[in-house]
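Have a look below at one chain only, the form predicted on its own, in structure tokens format.
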């Protein structure tokens, strides 16, 4: 079952890359690592027909969600100082450097051309994080494979910057993953931040790729998050949602993290 499921994943993904050398290199580099995770640390669940991580019921997974510059890094750094927590940040360094290419920067410059390339890689690297063996009783992840699809792929498509065929292929791949692999999430912590606050923070941190991000983009991402996690009218929400208002300064945010510590760490 596990071998056949992984082969099935490859059959879904491989056709995407026949004409794009950068994406082909992405797949080749990570297919072996993903296969090792699935074959070495996962078992087949006969009741649901999904691949299930060994011992997953004894551990909890928390996904930290929010707009760009909503304070996710600050939150992760705060909880990383707590024992028995494994913190996984978004693999942004991988998105910035694939054999010398920067698909993240390319996507911001020309989303219609590079949206599929980046989001395919984002989906793959986020899946890699979801299926990697847990090294602590609690895992806190920066975003998830769910927001990669429900927020960022959806935004590219709705804004007219992703062709329908690219969106359809990414959607089929995502649905195959959700159907065939168990990706449990016990709690979603949503850092709810206004687009205006995020825009001001972007100006202050001056990341090279983010210099071209307009306020309108942040507003679109914000609206998609609100529809998904607050109004819950767009897509399935895979776990309970804890909302933390995050427009405040650092001191206030650290206080809020401490106030919500028990709710977050007891999620299961």
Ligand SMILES: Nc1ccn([C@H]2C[C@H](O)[C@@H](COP(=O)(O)O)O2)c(=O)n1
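Numbering follows the first chain given and starts at 1. Worth saying up front: this structure is predicted, and the values here are computed from it rather than measured.
If you look for the form predicted together with the named molecule, you will not find it shown, but the lines that follow are about it.
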Counting only heavy atoms and a 4.5 Å cut-off, does the named molecule in the predicted bound form sit next to every one of 60, 62 and 138? no
Using a 4.5 angstroms cut-off on non-hydrogen atoms, would residue 166 count as touching the named molecule in the predicted bound form? no
With a cut-off of 4.5 Å between heavy atoms, is residue 94 one of the residues that contacts the named molecule in the predicted bound form? no
Even though the partner isn't displayed, in the predicted bound form is residue 72 close enough to the named molecule, meaning a heavy atom within 4.5 Å? yes
Hey, in the predicted bound form, does residue 88 get a heavy atom within 4.5 angstroms of the named molecule? no
Quick one: from 157, 108, 173, 190, grab the residue that has a heavy atom within 4.5 Å of the named molecule in the predicted bound form. 108
Name the single residue among 185, 148, 116, 177 that comes within 4.5 Å of the named molecule in the predicted bound form, judging by heavy atoms. 148
Among 177-185, 118-126, 79-87, 157-165, which stretch has residues whose heavy atoms lie within 4.5 Å of the named molecule in the predicted bound form? 118-126
In the predicted bound form, which residues of 141-169 put a heavy atom within 4.5 Å of the named molecule? 142, 143, 148, 152
